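Encoded as structure tokens, the following chain is the form predicted on its own, with no partner shown.
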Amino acid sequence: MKGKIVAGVLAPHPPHLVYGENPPQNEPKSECGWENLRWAYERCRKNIKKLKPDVLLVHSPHWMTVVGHHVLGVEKFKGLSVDPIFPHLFRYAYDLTVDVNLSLKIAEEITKEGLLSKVMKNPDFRIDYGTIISLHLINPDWDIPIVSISSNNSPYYFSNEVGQEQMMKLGQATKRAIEASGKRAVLLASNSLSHRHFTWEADIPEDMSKEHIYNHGQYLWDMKMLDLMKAGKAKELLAVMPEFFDMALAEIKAGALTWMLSAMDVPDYPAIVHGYGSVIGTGNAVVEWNPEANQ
């Protein structure tokens, strides 16, 4: 049976959302906070669960690799993930299972695209917090195998356009690997939108009276991007991305959203925007592309 991508999600990874949720895996405990985004994730995860995926694939900007696109090649990873900027909010004990067969197939297809690939086979490798946070927020039960793909720094070392081109190829390689696997897959683009953030923190991190977008221009750019998503204009979205990267210091410059849209053959149906909100001044949205919901 031919595998397929059953959904894609723009799945931002602020550690504050896990902190506000108070799962047992996270040591720090909060009173509340960032409900608009946490409840958006709750709505989205219900839709994803209904699709009964066999595997979750995530592309994270915090597994940075300068040479090539890397995938995990060990079945089990267990450890403690500590956010280097917010260790007082995120100290998370993770225990995850990797779909190694799919990882290896993706690495093979990446090479066929003329890109460099590498398989991470170190069992003591520490999984990056962006990967863990997005996976937790979309599936806190951790009962679905995962594939993690690194963020090659080509958009930063070369140009926005070169980065976009590489991520489009990476998406097509991922699609072919999934189809060959026979599995139902959900893709997670682990990115915020605008990413200019505060350099200070409130005495109580979850004090929502202190939380707001960094500036109005950044907010307007986020709204433009979300309007394109809601209108099903992914081609236009990709076309305007290079300017968005620069004007809003957008985190999607790292490539996850481009990778996901490419793997889904640049969908022309409306995305479901579950919610938008600010975390330390950054713009974040939980957005779902679900072809079954648009049939």
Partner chain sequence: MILKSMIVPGLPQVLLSPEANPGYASLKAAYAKARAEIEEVNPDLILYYSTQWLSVLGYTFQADPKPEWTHVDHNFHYLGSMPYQFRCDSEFASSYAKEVKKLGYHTMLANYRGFPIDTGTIVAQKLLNPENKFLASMVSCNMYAEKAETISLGRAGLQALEASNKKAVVVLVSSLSSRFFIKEIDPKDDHISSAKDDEWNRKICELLGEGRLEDVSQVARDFGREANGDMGFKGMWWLNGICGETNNFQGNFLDYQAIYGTGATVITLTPKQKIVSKKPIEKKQNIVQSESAPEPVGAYPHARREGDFLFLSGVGPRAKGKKEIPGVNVQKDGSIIHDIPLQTRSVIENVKTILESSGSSLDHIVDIQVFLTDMKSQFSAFNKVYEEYFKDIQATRTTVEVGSLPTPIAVEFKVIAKIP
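Residue numbers count along the first chain shown, from 1. For clarity, every value in this text was computed on a predicted model and none was experimentally measured.
One more form of this protein, predicted together with the partner chain, exists but is not displayed; see below.
- In the predicted bound form, at least one heavy atom of Leu80 sits within 4.5 Å of a heavy atom of the partner chain.
- The closest non-hydrogen atom of Pro270 lies beyond 4.5 Å of the partner chain in the predicted bound form.
- When the partner chain is considered in the predicted bound form, Val266 lies well away from it, no heavy atom lying within 4.5 Å.
- Contact annotation: Leu51 falls outside 4.5 Å of the partner chain in the predicted bound form, judged by heavy atom distances.
- Listed residues His88, Lys224, Arg184, Lys210 were compared with the partner chain in the predicted bound form; His88 is the one with a heavy atom within 4.5 Å.
- A heavy atom within 4.5 Å of the partner chain in the predicted bound form is found for one listed residue only; from His136, Lys175, His195, Lys105, this is His195.
- Figure note: of the listed segments 120-128, 96-104, 136-144, 167-175, the one touching the partner chain in the predicted bound form, with heavy atoms no more than 4.5 Å away, is 120-128.
- Every member of the trio Trp63, Val66 and Phe158 reaches the partner chain in the predicted bound form with some non-hydrogen atom inside 4.5 Å.
- Contacts of stretch 261-292 with the partner chain in the predicted bound form, defined by any heavy atom lying within 4.5 Å, are made by Ile280 alone.
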